[in-house]
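Let's start with one chain on its own, the form predicted on its own, as structure tokens.
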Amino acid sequence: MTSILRRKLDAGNFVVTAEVCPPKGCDCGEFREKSHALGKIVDAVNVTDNQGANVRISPLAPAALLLRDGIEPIMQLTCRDRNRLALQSELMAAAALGVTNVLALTGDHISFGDHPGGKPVFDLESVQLLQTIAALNSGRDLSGARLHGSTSFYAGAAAAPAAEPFEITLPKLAKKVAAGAGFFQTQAIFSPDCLARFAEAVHPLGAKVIVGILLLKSAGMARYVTNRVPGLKVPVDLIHELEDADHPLDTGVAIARRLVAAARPYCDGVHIMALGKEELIPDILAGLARDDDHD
């Protein structure tokens, strides 16, 4: 099977992806309903992997359920919770179920989540995970042994456009591309100038750039993101705009919509992170010029 996301990006289409968090439990009904509602307006749905180091169902099952529902998933896979054997097993299982897109992540440290006493693994990190995916795509495992059937993943990686100093970040991004990353999905951006700098530096690497857009629900959330999330800083003027708003969530949607419009000239797509407010994604995308009609 081939990745529809890859085909669209290679064709030069501007894509939209969105993140839907799998359930903390085995009932995937709400997850499927939210994803189904997005199916007509996004090109792929990211299925997170124990996001923020908080335990949830493995992304493998929800990704397979999305495929059953006719929605293309991007299965996120972190190195935090699995050694190299488990990662390869998970990837081969995903390929057998028809998953074609994988976002390779190192993963947040386990101390940030709801099981801080657990033991992190980190047998590999994100560049090595990308190399693992490339090996499986070539029909061999990490030890060089031939597989019964090769995978055909379209691999992606994370990027942090606002991370400083950026001169240190750029070589790591180049390593990810050399290891097989065909696209980047970035952390949230709030500054078009920052995005322009990032796009100018990264596009020569040959990877597609899908820019992260975070829905800010309140001024408190904006301050939390600034103070607690590494690499993210919400500009003061946006925090004041949320503080002064009669309806902060509506203002957050308007800010996200402006950021989508500002990002459009510099990237190959946008990745919407609505954090439980996925029903507002159509409003965030209102007015976005697309390259196809998404029938």
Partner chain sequence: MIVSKQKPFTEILATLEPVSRIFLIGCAKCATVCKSGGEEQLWQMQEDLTAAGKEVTGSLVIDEACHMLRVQRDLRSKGEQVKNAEALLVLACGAGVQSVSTASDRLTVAGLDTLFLGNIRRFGQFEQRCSLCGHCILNETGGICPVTICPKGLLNGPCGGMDEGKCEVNPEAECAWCQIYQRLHDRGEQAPLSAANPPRDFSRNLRPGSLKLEK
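Residue numbers count along the first chain shown, from 1. Nothing here was measured: the structure is a model prediction, and the numbers come from that model.
Below, we refer to the form predicted in complex with the partner chain, which is not included among the displayed structures.
Residue-level question: is S111 within 4.5 Å of the partner chain in the predicted complex, judged on heavy atoms? Yes, S111 sits close enough to the partner chain in the predicted complex that at least one of its heavy atoms falls within 4.5 Å.
Heavy atom of G39 within 4.5 Å of the partner chain in the predicted complex: Although the partner chain is absent here, G39 would stay clear of it in the predicted complex, with no heavy atoms inside 4.5 Å.
With heavy atoms only and a cut-off of 4.5 Å, decide whether G107 touches the partner chain in the predicted complex. Looking in the predicted complex, residue contacts with the partner chain include G107, since a heavy atom lies within 4.5 Å.
In the predicted complex, does L136 come within 4.5 Å of the partner chain, counting heavy atoms only? No.
Just to be sure I understand the contacts: of V177, A163, A201, L147, which is the one whose heavy atoms reach within 4.5 angstroms of the partner chain in the predicted complex? Checking each option against the partner chain in the predicted complex, the one that comes within 4.5 Å is A163.
Suppose contact means a heavy atom within 4.5 Å; in the predicted complex, does that hold for all of L124, I168 and P171 with the partner chain? Yes, the whole candidate spot contacts the partner chain.
For the interface check, one of 95 to 103, 124 to 132, 68 to 76, 213 to 221 should have non-hydrogen atoms within 4.5 Å of the partner chain in the predicted complex; which one? Correct option: 124 to 132.
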